[in-house]
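Okay, so here's just one chain, in C-alpha cells, the form predicted on its own.
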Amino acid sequence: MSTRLVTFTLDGHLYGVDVASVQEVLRGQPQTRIPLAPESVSGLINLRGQVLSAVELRARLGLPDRAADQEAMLVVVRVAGETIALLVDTIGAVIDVDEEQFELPPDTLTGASREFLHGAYKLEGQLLLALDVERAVAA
C-alpha cells in the first residue's frame, strides 16, 4: 500500500505530510504578530478573508532560525477542523511512498524531533521524515 505525501524542507532535511491534510501551498504572506504568543506561533495570516495561525516549524522542531533573507513558504493544512499555515523553507513535490520504505524513528532520536514524527521513509540517497501534523501543531 502506498501513501502520498507533500514534501518540503526544513534546515536541509526533507519532510512530508499526508496529501489529504494539505489544502494548498503558498509563498510567504504578510503576518500579524501576536503579543505573548509562544515562539513557534509566528503570527496570523489573512488568507482570502480566512484568518489562520502561522506555525514556525523550525521553532516547533527545535531547529535553528531561518536566515533573515530567506522567505518562508507556507503549507496550509487542515487539522482537527482547523486550518493552519506551516512555515517551511522550500516546497518539494508530491510523492508516493510504500510501507516497505517506512521505519519508526530510532530510539536514539529524542525530543521534538522524535515526538513529532511518525517515522522515516527510505528514499534513494535520503530519508523522508514523516511529520505528525496533529502533534506538531498541538500545544
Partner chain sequence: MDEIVQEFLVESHENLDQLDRDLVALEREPDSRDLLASIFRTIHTIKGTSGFLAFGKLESVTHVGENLLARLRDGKMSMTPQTTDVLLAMVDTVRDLLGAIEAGGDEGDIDVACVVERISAVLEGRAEAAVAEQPAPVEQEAPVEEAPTATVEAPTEVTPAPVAEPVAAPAAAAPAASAVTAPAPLAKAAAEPAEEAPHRRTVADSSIRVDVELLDALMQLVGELVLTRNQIVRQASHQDDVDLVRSAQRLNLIASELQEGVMKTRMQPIDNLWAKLPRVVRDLGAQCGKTVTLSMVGKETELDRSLLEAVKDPLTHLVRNSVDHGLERPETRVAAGKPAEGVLTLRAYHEGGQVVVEVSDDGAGIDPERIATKALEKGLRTSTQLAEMSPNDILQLIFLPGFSTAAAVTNVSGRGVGMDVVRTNIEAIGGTIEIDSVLGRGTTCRLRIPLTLAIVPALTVECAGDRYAIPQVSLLELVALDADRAANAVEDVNGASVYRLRGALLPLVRLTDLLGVESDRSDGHVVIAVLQAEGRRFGLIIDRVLSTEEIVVKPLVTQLKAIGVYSGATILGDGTVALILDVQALARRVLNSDVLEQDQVKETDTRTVVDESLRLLVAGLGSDRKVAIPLSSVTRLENFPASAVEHIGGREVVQYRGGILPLVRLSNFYGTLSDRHDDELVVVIYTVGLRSVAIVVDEIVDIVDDGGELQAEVTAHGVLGSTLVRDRVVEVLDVRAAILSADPTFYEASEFELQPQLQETM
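Positions refer to the first chain, counted from 1. Note that the structure is predicted; figures quoted are calculated from it, not measured.
The same protein also exists as the form predicted together with the partner chain; that form is not shown, yet it is the one meant from here on.
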Report task. Using a 4.5 Å heavy atom cut-off, indicate which stretch of 63 to 71, 101 to 109, 33 to 41, 87 to 95 touches the partner chain in the model of the complex. Result -> 33 to 41
Query raised in the report: Looking in the model of the complex, any heavy atom of V137 within 4.5 Å of the partner chain?
Result: yes
Query raised in the report: Is I45 close to the partner chain in the model of the complex, meaning a heavy atom pair under 4.5 Å apart or at it?
Result: yes
